[in-house]
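As structure tokens, the next two blocks hold two forms of the same chain, structure 1 and structure 2.
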Structure 1
Amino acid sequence: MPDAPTTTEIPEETKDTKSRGALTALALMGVLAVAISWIAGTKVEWGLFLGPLHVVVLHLPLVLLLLVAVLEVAWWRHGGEELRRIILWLMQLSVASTLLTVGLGIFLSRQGGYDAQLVQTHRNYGLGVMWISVIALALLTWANHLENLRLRYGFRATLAGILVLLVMVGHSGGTLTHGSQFFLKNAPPFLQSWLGKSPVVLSSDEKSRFTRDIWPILEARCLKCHGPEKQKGDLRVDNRESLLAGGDSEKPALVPGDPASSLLIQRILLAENHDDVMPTKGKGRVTKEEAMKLIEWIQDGAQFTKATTKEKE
């Protein structure tokens, strides 16, 4: 491995002011990271407007951090003062945009409508990326300042860690917005089984049953409040996993093979003026025939044949 080049010909004075600038930038981002971690622990609520920006802004740190990694490899091979400065500058931008992304993400998570467990996982990975990038920037700043190669290796190690975390944060984020079946549901069966998910093979009768008998009921009676737009009680009816997991009560809304234990059935069978009846009071009623169809469908295993509405963006 060729030695990283050392700086020559930088007048002491300019170098000092540069390092000071870099140190200030680092300190600033450290403070911001503490502030964001603090916000993450409180209940500030003004993110309905800011939150959705998260999904746009997140591409910035992603691209920047990848670029830093590529340029760091280039610098390791070829050296160059110019490149060294660009890397530091890009790393500062990366950390700044990571901070912004994490801050916005925290606001977005407050909006609800997402699987709480997944949000938690995604948030932890996000905070992980944030803190490790701050540490990486600190190592880089000091490596430049002291022209210390060992600190530089430390920077590279943290950078590698960041790349791994980026994959994890991206995966959990994708699962949050698109559902874990986003890619798999349309994959060829051999791919599904190879990836560990046994493909569901349905008789054509079972297939048409959901679309013919069940979906129209859910769509007409429940979707308005439990679909892509609203998730009352933190429940969606257009998604088998959400029904299996249940909503706020954390009781499964759907227990395949056991209609009596399925909250969905319990709640639609309540008296018309009961506080908990579904649809809610005055918002329509599931007819006896419809209830029978739902009960039989659950009795027979409650097959969903396809995702019927668009996922929430």
Structure 2
Amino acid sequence: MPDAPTTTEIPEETKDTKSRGALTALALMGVLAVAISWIAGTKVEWGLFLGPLHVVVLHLPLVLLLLVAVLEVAWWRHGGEELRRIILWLMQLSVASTLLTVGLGIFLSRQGGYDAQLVQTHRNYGLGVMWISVIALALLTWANHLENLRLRYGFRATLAGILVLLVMVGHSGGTLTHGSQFFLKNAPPFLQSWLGKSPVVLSSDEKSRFTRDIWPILEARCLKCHGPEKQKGDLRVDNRESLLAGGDSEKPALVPGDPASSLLIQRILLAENHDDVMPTKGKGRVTKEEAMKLIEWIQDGAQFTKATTKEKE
């Protein structure tokens, strides 16, 4: 019978021991959540070293929380003391992995090279998931301890909210990593308009050399790391002034009329295993044909003849 209390007899001493263990775990999670929220406003010496591990663990809480949701539906339909304990254990593991993921994400955000507003939005979503997960664990722990069905309903509502918030976290994280057009660049125009996105704003000269030959290369090979949302090395390739000024290297990425002095060309022509090659290893190599188009474009003055990506309002 759905949501019926278990009929399995459990020794009172064993039940008390498990309840104390669950409450202790909950208290520890709460303390860690407070610590991570505090870390968000401070600097930690090893933070920059640990930050990249965020991308290794970020999918773990998502999978665990989805599994908790599936098992909770199964328990609602069929009940069972063993399944109830498994759900509590998995929820504890989900919250622990969420704490780890959010903490590492905060460290990663301090490496720079990302749009500050997007980073703040993504971090707020992550902290929201973390705290709501702790609340959900508290509701589940006390629901089991008191065998209170209303607390169980509260846990389910909170879990549903977490799953919705995870979509927002994933979208903002994907935008940071791959750019705002990663999800929408192949979407129908009506969907892009409905979502308030305009991938490319074309000038009247859509048949220009830049539009036809150069921009597609920059968009495919460079924009993910050097665009409006993410500026590795403080460089944007969708902005001519930024290319002319150069980034952290203090060398111009673009020298009109002189491809050999343009850092853009120097980096794409490096050996594939070189530390400074662009795009970085694993992100797609600029082909010989594409390199020649870029060289010829720079040789001829490197004109931007169309507006590229929209600036964020």
Ligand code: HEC
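Quick note, the numbers are simply positions in structure 1, starting from 1. We call the rigid core whatever largest set of C-alpha positions still superposes within 1.5 Å between the two forms. What you are looking at is a predicted structure, and each value in this text was computed from that prediction instead of being measured.
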Query raised in the report: So which is it, 1 or 2, that shows the form predicted on its own?
Result: 2
Requested in this report: Take the rigid core as the frame of reference and indicate whether the C-alpha of Leu62 shifts by 2 Å or more between the two structures.
Outcome: no
Query raised in the report: If we fit on the core, is the Cα of Val34 displaced 2 Å or more between the two structures?
Result: no
Query raised in the report: With the core lined up, does the C-alpha of Arg221 move 2 Å or more between the two structures?
Result: yes
Requested in this report: Just grab the Cα shift of Asp275 between the two structures for me, core aligned, in angstrom.
Outcome: 27.8
